[in-house]
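Listed next as structure tokens: two forms of one protein chain, kept apart as structure 1 and structure 2.
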Structure 1
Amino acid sequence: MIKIGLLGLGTVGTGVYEILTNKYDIVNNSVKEELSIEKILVNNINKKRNINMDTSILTNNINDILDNNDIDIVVELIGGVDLAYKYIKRALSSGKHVVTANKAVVAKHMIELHTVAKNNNVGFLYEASVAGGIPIIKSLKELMKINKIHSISGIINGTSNYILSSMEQENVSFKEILKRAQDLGYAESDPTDDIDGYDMARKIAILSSLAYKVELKDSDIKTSGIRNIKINDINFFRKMKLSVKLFASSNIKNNAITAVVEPVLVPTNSVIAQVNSNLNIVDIECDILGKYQLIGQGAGKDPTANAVVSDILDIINKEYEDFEITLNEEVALTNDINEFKNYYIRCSFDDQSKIEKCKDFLSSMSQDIEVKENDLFCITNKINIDSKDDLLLGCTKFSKNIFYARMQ
């Protein structure tokens, strides 16, 4: 009998509990050894929950799990960084396998935790940490057995994609849709991470670290989000037959990595534009297979819990790899992106007198500027990232509400 200790019974924890109990027969048939949930760590044992369960397995003492010799697999779903990292490391060090959905911990401590797992002969799996239900990490490891990975890109945050596609389809405000994304269980406890791009930066850091054999930190990745987007932006894009997506990309050339998270404008009839709601898409370019693409639900209770349970089954079936990342010391993040692109910049004004000044400022590098009431819409000439950053910085002298997107 394989015994599981679950840390956390929030949205994903509940999903995992439900799959392991409601689908017990199916799940049990696909493993070589029977499994059971031995203990679940919660904050409040007496809290009323929406699931039927044997509450005697609840505990609020982490030692009941980490010091319990009967428990083979610890499933970390408490979120946060420091405490979760401490628990994961302690579990691995005491010879327990660990499954986690925690991208913040994986992005920050991946290499160290893989080493601890290897030294203790246990598995450390985190499929649910990137792109929810899409088996992207398994696919990447599989591809890497034969291929060299050249680039990874895609929509890897469900909340921001749900917000942008709902604004486009339903003409509703950012604030209203964000609340809905939270109610649906897509958003992080602090949705700042979703809307400012930090969640995507963590995910592209994890994928890139695996693919390029480097310890890439999310904090080093140039990251912009969608916090300032307005319905007026969406209406402008609609007129141009464009859709906006928050997008992450990284590539490697001559051992130099570039990685960025930013809003991107794509033609409304492109594949990317059809990836709506909480769906994610990941594109991988590699040398033998060429282009490889996966689409699926990137956030929410069931898709994320599905990925967690899939990792649990792999551990029980001993199908986890003894995956060691041998870092390639030659590889480094340069962010020296010398590409020239058109950018969309929208500035809004409380004070009409600043509009003309801002227009003058932008005009030297822009092909098209339109002013409508308190908004200025601009499409820049083809410029590099540094010029774009200079333009955006300059605009902050005139406007407090600015949104930009790169044109594909």
Structure 2
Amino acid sequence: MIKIGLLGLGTVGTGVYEILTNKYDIVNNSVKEELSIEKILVNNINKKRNINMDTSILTNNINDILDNNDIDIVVELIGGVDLAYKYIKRALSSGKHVVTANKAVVAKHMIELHTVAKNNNVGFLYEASVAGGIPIIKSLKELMKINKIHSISGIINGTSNYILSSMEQENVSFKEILKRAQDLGYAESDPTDDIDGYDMARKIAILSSLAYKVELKDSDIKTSGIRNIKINDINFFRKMKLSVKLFASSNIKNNAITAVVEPVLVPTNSVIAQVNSNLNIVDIECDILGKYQLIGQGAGKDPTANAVVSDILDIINKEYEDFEITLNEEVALTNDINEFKNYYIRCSFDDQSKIEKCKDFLSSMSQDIEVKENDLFCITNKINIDSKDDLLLGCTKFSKNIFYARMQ
């Protein structure tokens, strides 16, 4: 009998509990041993919950799980960073396998926790930390057995994608769609991580660290979000037959890694433009297979819980043992200043006198500038990352509301 300790009974934790209990026969047919949930850590044991369960397995004492020698697998779903990291490390150090959906902890402590797991002959799996129900981490590990990974890119945040696709399809403001996303539970009350790109930065850091065998932190990644986008931007894109997506990407050339999260403009008839609502898409370029693409549900209770349970089954079936991270010390993070792209820049003004000054500033690096009422729209010449950053910084002297996107 494999016994599980579940940390957290929120949305995803409830989903995991339901799969392991309601799908008991199916789950047990996938493994060589029976499994059961021994204990569940919650903040309030007496809280009313919308699931039928044996409340005697609930506890508010973490030691009932981490010090319980009968528990084989700890599933961490409490969120946050410091406390979750402490519990995960303690569980691994005591010889318990760990499954987590915590992208923040994995992005910050991946290499260390893999090392602790290896030293204690246990598994540390985190499929649910990236792209929800898409088995991207398993696919990446499988590809790496034969292929050398050249690049990873995609839409890996359902909230930002829901906002952008809704703005485009319904022609409503960012503020209105964000409020709706919060009401529907797609966005947190503080949506900063999603709309400013930090959530994506953590996810691309995880995938890149695995693919390129480096310790890449989310803080190392140049990150921009969609907070300043306006309907005027969407209307401008529509005239150009383009759609905007918040995109994460990384690539490796000559042992140098470039990684970025930023808005990107793609043709409206492209596959990426059709990935809407909370769907995610991930593209992997590798030397033998070429382009490998996955599309699926990127967030939500059921997709994430499915990924967690899949990791649990992989641990029981010992399918984690053949993967090991050996860091490539020759690889370094860099910004590829030799990659030149066109960029879209929109500046909005309260002071009309500043429009011409901003227009003059942008003219030397721009092929097309349009002014409509209080907005200036600009398509740059092909420039590199440093030049783009200089332009954006210069624009802040004239405008406080700026949105940019890279042309695909």
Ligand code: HSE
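Reference numbering: structure 1, starting with residue 1. As the structure is a computational prediction, the values presented were derived from the model and not from experiment. For clarity, a rigid core is taken as the largest C-alpha set superposing within 1.5 Å between two forms.
Engineer: Does structure 1 or structure 2 depict the form predicted together with the named molecule?
Structural biologist: Only structure 1 fits here, because that chain is the form predicted together with the named molecule.
Engineer: Taking the rigid core as reference, does residue 189 move its C-alpha 2 Å or further between structures 1 and 2?
Structural biologist: It does shift by 2 Å or more.
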